[in-house]
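Presented as structure tokens, the chain that follows is alone, the form predicted on its own.
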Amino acid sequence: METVQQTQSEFTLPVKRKRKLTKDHLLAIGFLLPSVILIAIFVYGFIAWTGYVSLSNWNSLVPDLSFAGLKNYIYLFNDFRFQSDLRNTLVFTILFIGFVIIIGQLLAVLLDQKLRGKSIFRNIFFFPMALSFVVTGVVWQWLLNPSTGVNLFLQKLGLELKWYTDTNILAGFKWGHIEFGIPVAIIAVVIAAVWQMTGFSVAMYLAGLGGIPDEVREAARMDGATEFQIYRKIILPLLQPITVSVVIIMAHISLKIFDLIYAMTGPGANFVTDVPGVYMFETTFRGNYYASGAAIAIIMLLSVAVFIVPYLISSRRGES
């Protein structure tokens, strides 16, 4: 019996003691609780309210919260303007992210060299980030105006570009109620957005380049690798986490873009530069179609979540 009792005592699991709340714990909870309550109300509470309104019949000044199901969403996906918005957002996002990454990498690699006046060029590239999208939109609206700005110089070369007033669709084909392709007018908006946000990409890549030890490059040079091979096969692969971060942040900006479009072009002729943000603003605050506007907002939220949520999950897994 004594042997059995000794064996049982050896395999007895230790009892977990409950941690007592100390003053430090209570103080931390006291500091965090107001923020948690405010975020719960003014962020997640309003998201839930927007989702509830999007399922209602509130499409006038008089509130009507009777349940409408997915009627507002079905209407949007069959609407010519909203289909144009989805096309424009997709094209804008792909071109915007692509050029920001490519130009940002090239400029960062150039600034990473031992150049004179490196700080001056860095400040020049970073300066547009200090401006708001509204200012950028007004400036580029004047620069790309078909009758003024850059066109005064291009006309001497025999070129007359319509820029954001062009209604042509490149490589277009019929899709739903619209012609799916690359709207020429959206290219002007991409130019303005890339001009402003490339500085952010340059800053991210410069930070990544600064974190790569010089020993890695020296070892590659000793093995006979050229500078081009070093950047192509060693440096750029090491910068892949930076690229992922840039893609996520730029996608978040492009999918909810509003102020640049609104200040520079507006919806445009035949909605060639329209985006869901502008459509939501005009539908909700000018047309008083609150349920339709809420449905557009929920679709924008879900489109951003497609990029953000997987990134956050992978980041948490990487930390754990």
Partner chain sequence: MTARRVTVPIFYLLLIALSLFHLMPIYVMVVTSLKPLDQVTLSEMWKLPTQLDFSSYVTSFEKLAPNFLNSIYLVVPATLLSALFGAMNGYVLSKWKFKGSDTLFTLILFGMFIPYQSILIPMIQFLREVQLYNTIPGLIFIHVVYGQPITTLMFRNFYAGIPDEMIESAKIDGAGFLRIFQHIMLPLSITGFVVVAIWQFTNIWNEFLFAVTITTSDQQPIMVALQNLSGSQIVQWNVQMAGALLAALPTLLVYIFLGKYFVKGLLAGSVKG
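Quick caveat: nothing in here was measured; it's all calculated off a predicted structure. Numbering follows the first chain given and starts at 1.
Unshown form predicted together with the partner chain; subsequent notes refer to it.
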query: Contacting member of 200, 73, 96, 163, with respect to the partner chain in the model of the complex [4.5 Å, heavy atom]; finding: 200
query: In the model of the complex, the one of 131, 216, 225, 90 near the partner chain [non-hydrogen atom within 4.5 angstroms]; finding: 131
query: Contact label in the model of the complex: residue 180 to the partner chain, heavy atom within 4.5 Å; finding: no
query: Partner proximity in the model of the complex: residue 263 to the partner chain, non-hydrogen atom cutoff 4.5 Å; finding: yes
query: Distance check, residue 157 to the partner chain in the model of the complex, heavy atom within 4.5 Å; finding: no
query: Residue contact check: residue 83 to the partner chain in the model of the complex, 4.5 Å heavy atom; finding: no
query: Partner contacts in the model of the complex for 29-53 (non-hydrogen atom within 4.5 angstroms of the partner chain); finding: 31, 32, 34, 35, 36, 38, 39, 42, 43, 44, 46, 47, 49, 50
